[in-house]
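In structure tokens, the next block holds one chain alone, the form predicted alone.
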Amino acid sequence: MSLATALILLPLLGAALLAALPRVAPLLNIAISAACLVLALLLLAGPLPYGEGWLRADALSVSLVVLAGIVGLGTAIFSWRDIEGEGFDTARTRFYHAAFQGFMATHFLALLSDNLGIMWVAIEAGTLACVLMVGLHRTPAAIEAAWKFFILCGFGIALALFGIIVLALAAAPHLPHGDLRLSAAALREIAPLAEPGLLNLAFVFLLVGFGTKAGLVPLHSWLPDAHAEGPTPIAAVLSGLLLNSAMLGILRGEAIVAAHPGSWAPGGFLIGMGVASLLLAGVTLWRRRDAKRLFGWSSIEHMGIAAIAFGLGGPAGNMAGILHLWGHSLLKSAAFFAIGRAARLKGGQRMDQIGGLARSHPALGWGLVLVMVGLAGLPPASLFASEWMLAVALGREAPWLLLPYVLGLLVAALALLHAMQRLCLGPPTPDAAPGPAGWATLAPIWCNLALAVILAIALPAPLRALLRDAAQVLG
């Protein structure tokens, strides 16, 4: 059995065990997630691209798999204590742990699949698992958010399927074997021979379809509700993992279409949606009164920045985009861990209910301060490095984009710093449930924060080489 296959089957087996063994589910969830991270790291030891057939890992997919392993383990550790406080009955607790590992299996499959049809199925299955988990509280708001998530993303993913079918039709005259017509690698090789009109049409459907799931404006409206109403660990995996797999679907389509010299330049579409996401999110962040919705809108902002980077393309743009996905996933999952625990301690997630965290709970509060400083794009976290790299690349390749880009960054950064001051540095609000933050909350926050800083100031040589190779995969 290959490492890639084991990485998909292990969480799938884990989901069955977690459903059958609810008493040890939290610790077993952590053990399975740790084993998945080890398998993901072992993928780095072999030559890339790795595997053949439906599963084929290249530097881009492996970089996202390792990131998923890190975020998945942190989320499993946080879930250990957090899910106890959600007030779920035994059946819902059992379902949560099983669905979490089920989602991880589909996420690894989406990242490692060379077959676009299987990638689509995996993303759709992962979405369904998340929809069910978002609705676990069974409140009217949670059920409405789950339905909105299901309907909008279901519509989007249907358009993405149509885009994949059009790609297969474009490849049909040049790829006699049916399986190869859905292979991303094979489609990219024969793209210069394909009909450019079909390639253009396919990319429009792929961008709209996967863009809905990636939370790009104007297809983003499901995202803040789903982040605010679901259990906190699900908000972390939605922002830290699901958005990345959707962006990977867009990037696979962009690489295929861009290989034909007569097709439209797909980067312009990505840049347009990215700028719209950055500007709208930057303005909307000022109006948030719910802390989880605030971070949901922050995810829209950062996916917009990544879309601008990938749309610009080239070694610098693609490197900035991949580094941005890493930094965003690490910091945003840490932000949800911190605000989820703060909401539990303060008795609500409205921003006027949470205040003075740095005084009342120093380890939790200062962790949230540093995470929000990083999300604002300030040093020393990696988002500062990726945003600076993108600014330099824009100045060289498309200087007319610098004004909206810098304006969007400034508006969003000031809004996040203003919110950080209200949440962490003001007078403390009373605790509704006095108690410590707990190491199961603090460890994932501070570990993710440390990794985000290391990415910016001391990126290890092997990881630097992996991210550089991942950028080259995109061309």
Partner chain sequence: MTGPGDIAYDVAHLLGGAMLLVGFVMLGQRRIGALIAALAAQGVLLALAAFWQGHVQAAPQLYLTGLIALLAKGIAIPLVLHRLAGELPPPLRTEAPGRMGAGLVLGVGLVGLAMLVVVPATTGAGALARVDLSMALSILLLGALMMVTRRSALAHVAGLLTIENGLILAAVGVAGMPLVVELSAGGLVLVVALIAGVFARQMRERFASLDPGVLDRHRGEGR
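Numbering follows the first chain given and starts at 1. Given the structure is predicted, the values throughout are model-derived calculations rather than measurements.
What comes next is about the form predicted in complex with its partner chain, which is not displayed.
- Just one listed stretch, out of 142-150, 337-345, 185-193, 77-85, contacts its partner chain in the predicted complex at the 4.5 Å heavy atom level, and that stretch is 142-150.
- 121 is the sole member of 373, 121, 259, 391 with a non-hydrogen atom within 4.5 Å of its partner chain in the predicted complex.
- Checking 316, 198, 98, 208 for any heavy atom within 4.5 Å of its partner chain in the predicted complex turns up a single hit: 198.
- Interface membership of residue 179, defined by any non-hydrogen atom within 4.5 Å of its partner chain in the predicted complex, is confirmed.
- Under a 4.5 angstroms non-hydrogen atom cutoff, its partner chain in the predicted complex has residue 293 among its neighbouring residues.
- Among heavy atoms of residue 132, some come within 4.5 Å of its partner chain in the predicted complex.
- Residue contact with its partner chain in the predicted complex: residue 154 places a heavy atom within 4.5 Å of it.
- With respect to its partner chain in the predicted complex, the three residues 359, 396 and 465 uniformly fall beyond 4.5 angstroms at the level of their nearest heavy atom.
- In the predicted complex, 158, 159, 161, 162, 165, 166, 168, 169 are the residues of 158-172 with at least one heavy atom within 4.5 Å of its partner chain, listed from first to last.
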